[in-house]
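Just one chain is shown here, as structure tokens, and it is the form predicted on its own.
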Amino acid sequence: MKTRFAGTVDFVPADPLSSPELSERLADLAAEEAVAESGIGHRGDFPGPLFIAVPPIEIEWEQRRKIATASGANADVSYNDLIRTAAAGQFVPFHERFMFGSVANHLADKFGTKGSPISLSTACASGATAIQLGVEAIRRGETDAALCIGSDGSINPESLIRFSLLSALSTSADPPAQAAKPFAKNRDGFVMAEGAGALVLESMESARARGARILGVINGFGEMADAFHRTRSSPDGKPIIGCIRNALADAGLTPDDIDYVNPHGTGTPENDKMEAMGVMAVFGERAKTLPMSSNKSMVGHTLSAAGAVEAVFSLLTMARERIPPTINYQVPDPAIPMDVVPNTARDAKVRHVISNSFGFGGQNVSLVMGREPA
């Protein structure tokens, strides 16, 4: 393997957990903190629905070997054969664990969320999509509150091999902490990471009525699909440009209202180039001085969780009036003439943030967030 490193959560034991098990543990920790801080309900009785972004799920290598060995299957056994075997006898727990909705079902039981829990996977935009669905449910008047989570515990050899075969991962292992180099000329891929972010969303009317501590406002969102390629963006940038413009329109804001861009910023040559092109198309000459820094330079790419994790970064940026940097930025790329807040955090008043999540397969979501209005 050309890439043998990743960003892991070291206080949650990873062995012998499977991806859905670890994703659930990470989501549980983040959700417990979010619900407690929100002051809405409590664990076991949350007064709204659950929307959770989770990674694509399938029976993993370790469990496949156990099933195949116990069943006497040969090397030609199909995945469908494994599923059928797992659905009966001693392997029923495997079958239940590797159902796509298992993480959401377990968390809905633990937190007492209302209605059917929604599991979703829109590639690297999944965490932002979970927030989008929560906002939509509140706007429709279906609920006053929603629990929105993005979680991903997919750091395992199988996942690393797959992303490595896509030539998406950085191979700069000396040292690994400097591997993620978004927007730098010598960027060579992203660093896979695991983690979770959780937001409790609430209607402004409900939050103010109960005197809630409001961390920020989701002003709007936008999405636009890009069916050009499984991993590459359309060369004309229209889906990225349209996604950002849709988010601004939904928020009722103009490009001049945005003080900071939290980009997708993976560190792959293709993504960074296309995102920079899209931001420059929307913000014009101002893009050269508009701060745009990548959280992924510090925490890696948390895949299905990234949109939610970066929404938390964005809210804290406004609350603390401190823009996080793009670290490992040593070799500027003249093709990206932008203010990437290189290497050092910057104090600044930020009224509105746009956070971009552009996933494989052309699944694009942008969130616009702002301070609580007076």
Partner chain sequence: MADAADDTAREAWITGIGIVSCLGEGPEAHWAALNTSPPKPDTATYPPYIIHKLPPLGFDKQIPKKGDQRQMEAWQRIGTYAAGLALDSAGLKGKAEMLGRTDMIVAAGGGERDIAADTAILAGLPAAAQPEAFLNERLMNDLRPTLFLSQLSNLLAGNISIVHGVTGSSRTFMGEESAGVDAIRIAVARIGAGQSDIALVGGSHNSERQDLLMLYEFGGFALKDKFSPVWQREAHPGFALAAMGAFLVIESRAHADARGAKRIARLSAVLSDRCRRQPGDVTAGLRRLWGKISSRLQPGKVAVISGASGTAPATAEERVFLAEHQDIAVRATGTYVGHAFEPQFPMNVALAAIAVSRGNLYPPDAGRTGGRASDARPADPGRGDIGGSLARRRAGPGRSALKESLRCRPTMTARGAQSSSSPDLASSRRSAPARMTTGRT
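Residue numbers count along the first chain shown, from 1. These numbers come from a predicted model, not from an experiment.
Form predicted in complex with the partner chain: not shown, discussed below.
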Is every one of V54, S121 and T129 within 4.5 Å of the partner chain in the predicted bound form, counting heavy atoms? yes
Under a 4.5 Å heavy atom criterion, is R65 part of the interface with the partner chain in the predicted bound form? yes
With the partner left out of view, is E223 within 4.5 angstroms of the partner chain in the predicted bound form by any non-hydrogen atom? yes
Against the partner chain in the predicted bound form, would G252 count as a contact residue? Criterion: heavy atoms within 4.5 Å. no
Report yes if any heavy atom of K185 sits within 4.5 Å of a heavy atom of the partner chain in the predicted bound form; otherwise report no. no
Only one of these stretches, 204-212, 293-301, 164-172, 145-153, has heavy atoms within 4.5 Å of the partner chain in the predicted bound form; which one is it? 164-172
The listed residue (V191, A108, I218, V282) that reaches within 4.5 Å of the partner chain in the predicted bound form by any heavy atom is A108
Pick out the residues of 137-152 whose heavy atoms come within 4.5 Å of the partner chain in the predicted bound form. R139, R140, E142
